[in-house]
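Only one chain is included here, represented as structure tokens and corresponding to the form predicted on its own.
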Amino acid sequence: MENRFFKYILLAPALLIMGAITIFPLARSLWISLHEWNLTESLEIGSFIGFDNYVRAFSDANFWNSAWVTLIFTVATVVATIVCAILVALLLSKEKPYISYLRAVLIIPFALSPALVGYSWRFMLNPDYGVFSAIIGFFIPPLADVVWLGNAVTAMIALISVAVWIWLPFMSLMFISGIMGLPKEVYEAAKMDGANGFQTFFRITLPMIQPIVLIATILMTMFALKQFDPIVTLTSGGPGNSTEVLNFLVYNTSFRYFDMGYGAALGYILAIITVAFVLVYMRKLVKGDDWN
């Protein structure tokens, strides 16, 4: 009997800590989302209003704008990162002496703080003294004076570029390890059959790394949906609210306008969206070879 419960006794401290820092805040925020509570009016939680905050979200123009911005940002970031990561992995998965040093250098962007990356890109995109404006202006003079963060389209492109730049090393390393683990005999047989590089990639490499592609897509979707630091430091949701993703809307609602009840409801809507994406991907992953 003692041995039966001993493992639970050992796990108890970790479970208590997890409950204190995870379960309790989640339960508390869910309870807050069911109340009307504005910190500018009272420090005490307001009256119980049920799911009114959730209903309010679906009639809020700012919510739908942020949902649309989030969709564009997430899809573009995930697709661009996965495609670029596969291309980088194809280049850096070769067995050559200098390749190992390039793989080590590849991790540097991922090791930097996202907030620092956002500030750095904001500085580089400055139309007066930014290095991007100088380079682009040299090669394409009509684009020399473009205010990259002052236009909705270019600001979104800049934000997507920053997100891709941050997560590309991590995703590339995933694909490098996957490609390097593929059996060499298959490639030798394809070469003997006269397959060229494109045929080898689309008919051998890509089908064999599909599980890795799906796992990478799951991770990148989660990373993109919770992206916050670069948005704050690069665009602050602007110009206007053209780059205000749901995560940033939750922050503004809760900690700028102090509407805690509505902000908590928006946070749970975002969490539900994230879980829904993950469940769809996981269902696809569990099917194994059935990718259709």
Partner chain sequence: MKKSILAIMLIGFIAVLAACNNGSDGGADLEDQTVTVAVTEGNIGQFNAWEARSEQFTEETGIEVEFIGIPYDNLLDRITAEGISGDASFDVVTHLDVMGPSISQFLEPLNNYADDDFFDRFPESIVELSTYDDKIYSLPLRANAQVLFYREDVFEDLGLEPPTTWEELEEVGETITAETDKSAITPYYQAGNNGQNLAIWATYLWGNGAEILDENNNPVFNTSEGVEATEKYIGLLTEGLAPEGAVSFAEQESRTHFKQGRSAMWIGWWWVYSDFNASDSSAEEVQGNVGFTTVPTWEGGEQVASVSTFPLAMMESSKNKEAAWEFMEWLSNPESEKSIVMDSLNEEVPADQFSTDIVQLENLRDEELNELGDGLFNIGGDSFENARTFPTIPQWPQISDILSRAISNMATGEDVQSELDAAAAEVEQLLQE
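All values reported here derive from a predicted model rather than from experimental measurement. Positions refer to the first chain, counted from 1.
Same protein, other form: the form predicted in complex with the partner chain, not shown, and the subject of what follows.
Chemist: Is the partner chain in the model of the complex near all of 39, 235 and 251, within 4.5 Å of a heavy atom of each?
Modeler: Yes: 39, 235 and 251 each sit within 4.5 Å of the partner chain in the model of the complex.
Chemist: Out of 204, 147, 80, 156, which one falls within 4.5 Å of the partner chain in the model of the complex, going by heavy atoms?
Modeler: Going through each option in turn, the one that passes is 147.
Chemist: Flag residue 129 as yes or no: does it have a non-hydrogen atom within 4.5 angstroms of any non-hydrogen atom of the partner chain in the model of the complex?
Modeler: So residue 129 counts as contacting the partner chain.
Chemist: Give a yes or no for residue 239: in the model of the complex, does one of its heavy atoms lie within 4.5 Å of a heavy atom belonging to the partner chain?
Modeler: Residue-level check for residue 239: yes, a contact with the partner chain.
Chemist: Using a 4.5 Å heavy atom cut-off, state whether residue 31 contacts the partner chain in the model of the complex.
Modeler: Contact with the partner chain, no.
Chemist: At the 4.5 Å heavy atom threshold, is residue 119 in contact with the partner chain in the model of the complex?
Modeler: Yes, residue 119 is a contact residue.
Chemist: From the candidate stretches 147-155, 195-203, 181-189, 72-80, select the single one in contact with the partner chain in the model of the complex, where contact means a heavy atom within 4.5 Å.
Modeler: Stretch with heavy atoms near the partner: 147-155.
Chemist: Residue by residue through 256-280, which ones have a non-hydrogen atom no more than 4.5 angstroms from the partner chain in the model of the complex?
Modeler: Residues within 4.5 Å: 256, 257, 258.
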